[in-house]
Structure formats: structure tokens, C-alpha cells
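Single chain ahead, written as C-alpha cells, the form predicted alone.
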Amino acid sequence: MTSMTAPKTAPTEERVTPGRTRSTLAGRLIPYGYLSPTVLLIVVLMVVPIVMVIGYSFQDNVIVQENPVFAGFANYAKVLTDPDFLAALENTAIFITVSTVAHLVLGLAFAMMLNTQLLGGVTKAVFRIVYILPWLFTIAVIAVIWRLLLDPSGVVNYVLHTLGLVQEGVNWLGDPGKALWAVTFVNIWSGYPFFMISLLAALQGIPHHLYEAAAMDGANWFQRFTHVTLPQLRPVIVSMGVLDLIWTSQQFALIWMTTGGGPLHATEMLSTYTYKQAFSEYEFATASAAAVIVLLLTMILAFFYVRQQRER
């Protein structure tokens, strides 16, 4: 008895037509087409200006003269040895450090108060409105309000004089010994609501059973705060802290509209120093070098932020 075997057929190759190839290529390019407007804006508004500023920082007499001269690192040496720049660097370090720590402490304190079960719903709603008000104002409005409040004949001095804490009006924004702390206080007041909202959302995301387990183990409120609340909030606190350092280091409008960097450079920041070099002294090469230094410092902070986000 013979077995019948089916004849083998040769594999057929699928024929790819030119129209199908074009269709596949077009499908692959569609996502890049959607991204192209955003990429174009980034290149035009960010990449090109940054490259131009870096180029200006290595030249002398840029913009104001037709034929600038290559200066190498002379502009960087001039900036790094300028006493005004060093004072601005110190003021900026104090400003951003105190502001960030105060934002964190106040934001966490108010967030925990709004998250507590001891307050009723109506009371929490009222406090939410009151605490978030500083974040709703623009920098221009905040600067005008606090210039009036901190005026020697303003409300702050009136209250302090009524309480017997001062004998005469204090020029908070005009005294070199007090101006930096005054603008730092204003920046703290205007910036803590963002921390408060972010930390409140993080607090409401902590599982309640963690607190119940800690209470069953005999932990008091402080131990629950240090061993449950803070570890759960750590990723948010670190992210917000690094972002606040970056944002505060670039603060310009508040300083410019309250003190202008004075008196006697007491509130001079890196941002106001760079602005004055460009548009008051018309030293665009020096301003470019200062801007590049600020960019490098900001990129260091951004590196830590990105690394922390990857660890999460």
C-alpha cells in the first residue's frame, strides 16, 4: 500500500508595491509632523538664543559695534572677579535657600492643618481660600502691595508702632541691612501656596492604614509624623524643593519692582545683575557671560531634579 504525499509548493514572496511603501513611510512620519511645530518653537525661542548668547560671551563689543572682537574667556574672568557679581551670587544663595526652606515648612504646616480631622468642612474651605490668595496675585500686584505695606508710613510700621515694637517708621526696602530679608519675606509669602497644595495632595494620598498600624504599635503623633508622614512625602518634598530652587534663582520681577537690586546692591541678584549689565551698562558681552554662568548653575540643579525623578 503506497502512501500519497502532497506536492510541496514553493513559498510565495509578498510583493510590495510602491504605493504601499509610500503609505508606510507617510505613517511613520505623521508623529514627527505633529511634533514639528513644537520642535520649531523650541529651536527658535530657546536653542538659537542660547547659542547666540554663548557666542556673545566669547566676544567683545557685541551688538553695539558691527565687528566684534574675539575675547576668549576674558568676559568670564571679568564677571567672576566683579565684586558686584560676587555680592549678587551671595544674595541669590541666601534668597533661594531661605525661601525654599520657608516654603517647605509653611507649606507642610498649612497642608497638615487642612488635612486634619479636627477642622470642619466649612472651616477648611475658608482656610483654603485664605491661604491660596497669595498665589492668585501676579508678581506686579504683589510688588505694589508690599511696597505700600512696607513703606515707612505704611501699614506694617503703623501696626508695629501701635504695638510698641518700633519708635519710628522703618524703611524696610531702603535699608541695606533689612532690604534683602524684606524681599525674601515677600517671596516666601507669595510662593508657599504652591507647596501647600502639592503637599496637601500628597498627604491625602497616604494610606490611612499606615497610621492605624503605627498607632497600634504605640507610636505617638510625633513618631507617626517622622516614621510615616515624612517618608511618604519624601519624593514630593525633594522634587518640589529642587524645582523651587530653580524657580527662585530666576526670580527677577519681584526684585526689580520692589528694590531694583538696591539699596547699594543689598538685594542684587544674578538676574538683576545680568539685566543691568545688558540694558544699563550696555555691556552685552559681560551680560552674556553672566547669563551663561547662571545657565550652568541652573543646569546643575536641573540635573539633580532629573536624577531624582528617574529614581522614583
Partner chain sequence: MVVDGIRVRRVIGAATAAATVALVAACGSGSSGDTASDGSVTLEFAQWWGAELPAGEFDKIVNDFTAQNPNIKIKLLSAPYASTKQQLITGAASKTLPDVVGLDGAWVNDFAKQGAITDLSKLMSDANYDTGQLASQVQIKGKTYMIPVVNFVYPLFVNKDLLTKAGVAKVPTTRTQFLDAAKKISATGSDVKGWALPLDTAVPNGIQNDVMSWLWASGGSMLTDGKPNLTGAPVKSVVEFVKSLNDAGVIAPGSLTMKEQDKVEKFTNGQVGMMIDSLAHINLIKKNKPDLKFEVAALPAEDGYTGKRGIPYASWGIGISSSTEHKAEAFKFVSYLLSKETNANLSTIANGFPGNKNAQPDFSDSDPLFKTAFDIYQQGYPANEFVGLPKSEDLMRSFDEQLQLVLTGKTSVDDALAKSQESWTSVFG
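Remember, predicted model here, so these are calculated numbers, not experimental data. Residue numbers count along the first chain shown, from 1.
As for the form predicted together with its partner chain, it is not shown, yet the points below apply to it.
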Margin query: in the model of the complex, does every one of Leu148, Pro263 and Phe279 come within 4.5 Å of its partner chain, counting any heavy atom?
Written below: yes
Note to self: If we define contact as a non-hydrogen atom of the residue within 4.5 angstroms of the partner, is Glu283 a contact of its partner chain in the model of the complex?
What the structure shows: yes
Check: Would Trp256 count as touching its partner chain in the model of the complex under a 4.5 Å heavy atom rule?
Finding: yes
Next item on the list: State yes or no: in the model of the complex, is some non-hydrogen atom of Pro152 no more than 4.5 angstroms from a non-hydrogen atom of its partner chain?
Entry: yes
Check: Might Leu173 be said to contact its partner chain in the model of the complex, defining contact as any heavy atom within 4.5 Å?
Finding: yes
Notebook entry, point to check: Using a 4.5 Å cut on heavy atoms, which of Ile54, Val69, Val47, Ile63 is close to its partner chain in the model of the complex?
Noted result: Ile63
Check: Since the partner is left out here, which residues of 33-47 would have a heavy atom within 4.5 Å of its partner chain in the model of the complex?
Finding: Gly33, Tyr34, Ser36, Pro37, Leu40, Val44
